[in-house]
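A single chain, nothing else alongside it, follows as C-alpha cells in the form predicted alone.
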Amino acid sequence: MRLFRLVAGCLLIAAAGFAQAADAPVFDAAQTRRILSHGPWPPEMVADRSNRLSGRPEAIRLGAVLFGDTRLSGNGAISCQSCHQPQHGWSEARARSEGLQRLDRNAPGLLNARLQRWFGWDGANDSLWAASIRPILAHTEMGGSAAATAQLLRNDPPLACLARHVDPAAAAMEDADLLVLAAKAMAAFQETLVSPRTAFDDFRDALAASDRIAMTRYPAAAQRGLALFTGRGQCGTCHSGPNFSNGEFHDTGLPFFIGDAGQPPGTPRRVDPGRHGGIAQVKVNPFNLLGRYNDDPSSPAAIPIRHVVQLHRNWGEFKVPGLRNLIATAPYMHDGSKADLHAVIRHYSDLDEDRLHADGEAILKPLNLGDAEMADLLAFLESLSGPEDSAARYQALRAEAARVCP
C-alpha cells in the first residue's frame, strides 16, 4: 500500500510538471544555442591587468571605504554611494542623478561592471578605475580634486593606514598618483559586485543537461517570454552573452533632447550626443589605457582605445545595459525616461522608426506585441533577478576596515 501511494504521488508530481510543460514553448536548435550562450553564471573572476590592485583584499577594503566617503567631493556631502545605492542595485530611484548640479543621465547600476569594455552610458572611459575618477573630478558631480583626495589619504589616520596596507609608499606619492590609487581601490571593490544566480540560470543549466523535470520548474510564462526574446524579438542581438549585453552602443529611438522642467519659454534645448561625445572624451582622457597609469600597457585591453573611431552615426547612441537584476534599478534608459519594465517593453513594441538614424544599423523594428506577449516578456525579464547580498558584504568590508585601521 505504501509503495502504491509513493508511485501515485510521483505520478501526480510528474503530471503537474507535464501540465505546466504543455503551456511552455518548444525551443528549436537555434534558440537552444542562443539560450545556452547566456551562461554559465557566475563567470570566472579575472583580474584587470591594467589595475595592479585588482583582486587584492586590502585594496577592496580601502575601495569600499572610499566609495561611501563624502569627503572626496568638493562640498563634503556627496559620495559615489549617493548615486549608486546598494538597495537599488547600485543605481538609484531618480530618473536623473543629482550631483552638485542636476545631471543629464540616470546612474547605471554597478552589478557586473567588471564585465564591461567601456564605462558610462557614452563609453567615455575605457577602464573601471578611470570611470571611478571621472565623477570625483567632474564639476557637475562631486567637484573634487586630485589634491584634496591625496590630502585625505595622507592626513586622515584610518585612510592613511588603509592606503599603507595597499602601498607602503602611498604617502610619498604625487597627488595624481594617489588619486589613481584611490580610484583603482574603488574599482577593485566594484569588481566584487556580482549579481546572483537566478531562476533563468537554473533553467539554462537544466536545458544544457536535457533535464526536463528541472526545466518544468521555470514558469511557463517566463519560458514563453524567453522564446520571444530569443526568437521573433531578436533581443539577443544586442543583449547577448551571460550578462545580456554586447557591450556596444546603439540608437534605441529615444529623443536626443534633454528636457528640464521649469525652464523659461524660449530656453535653448540641449542635446545629449551619447557615444559621439564619449569617443571624443575617452580619446583625450589622461587616464585612458594609452596613458602612463595603465599597469600593463601590453595588455589586449588597450586595443579598443587604439582603434575606436568617432563616426557620425554614433550621435545619440548609448551603451546596451546588462539585464541581470534589473528589477532593482528602475527607472530605465540612459535618461531614466521609462518608469518601469512595462514601459520599456511598450517602447520596443511601439517603436517609432522615424527616430532611428537613417545611416545607422537596421536592427530595431516595432515588435507589435499583444498584451499576453508583453506579460510573458516581463515574466522572463523578472526571472533574471534574484536575492543578492552585496549590500551586506559592503557593510562587512567597511566594518573590517574599521577594525584593521581604527
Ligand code: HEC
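Just count from 1 along the sequence shown to find any residue number. Here the structure is a predicted model, which is why all the values come from computation and not from measurement.
Heads up, the form predicted in complex with the ligand isn't pictured, but that's what we're talking about next.
K.L.:
Between Ala227, Leu159, Ile78, Val166, only one gets a heavy atom within 4.5 angstroms of the ligand in the predicted complex; which residue is that?
P.N.:
Of Ala227, Leu159, Ile78, Val166, the residue with a heavy atom within 4.5 Å of the ligand in the predicted complex is Ile78.
K.L.:
Though the ligand is not shown, can you say which of Leu289, Ala222, Leu110, Leu181 has a heavy atom within 4.5 Å of it in the predicted complex?
P.N.:
Spelling it out, the residue with a heavy atom inside the cut-off is Leu110.
K.L.:
Does the ligand get within 4.5 angstroms of any non-hydrogen atom of Phe119 in the predicted complex?
P.N.:
Although the ligand is absent here, Phe119 would touch it in the predicted complex, with heavy atoms inside 4.5 Å.
K.L.:
Contact between His84 and the ligand in the predicted complex at 4.5 Å, heavy atoms?
P.N.:
Contact check for His84: yes, within 4.5 Å of the ligand in the predicted complex.
K.L.:
So, in the predicted complex, is Asn314 in contact with the ligand at a 4.5 angstroms heavy atom limit?
P.N.:
No.
K.L.:
Would you please decide whether Glu141 lies within 4.5 angstroms of the ligand in the predicted complex, comparing each non-hydrogen atom pair?
P.N.:
Yes, contact at 4.5 Å.
K.L.:
Can you work out whether the ligand is within 4.5 angstroms of a heavy atom in all three of Glu98, Cys235 and Cys238 in the predicted complex?
P.N.:
Every residue of the candidate spot has a heavy atom within 4.5 Å of the ligand in the predicted complex.
K.L.:
Only one of these stretches, 196 to 204, 316 to 324, 300 to 308, 147 to 155, has heavy atoms within 4.5 Å of the ligand in the predicted complex; which one is it?
P.N.:
After filtering at 4.5 Å, what remains is 316 to 324.
K.L.:
Suppose contact means any heavy atom within 4.5 Å; which members of 120 to 156 contact the ligand in the predicted complex?
P.N.:
Gly120, Trp121, Asp122, Leu128, Ala131, Ser132, Arg134, Pro135, Ile136, Glu141, Met142 sit within 4.5 Å of the partner.
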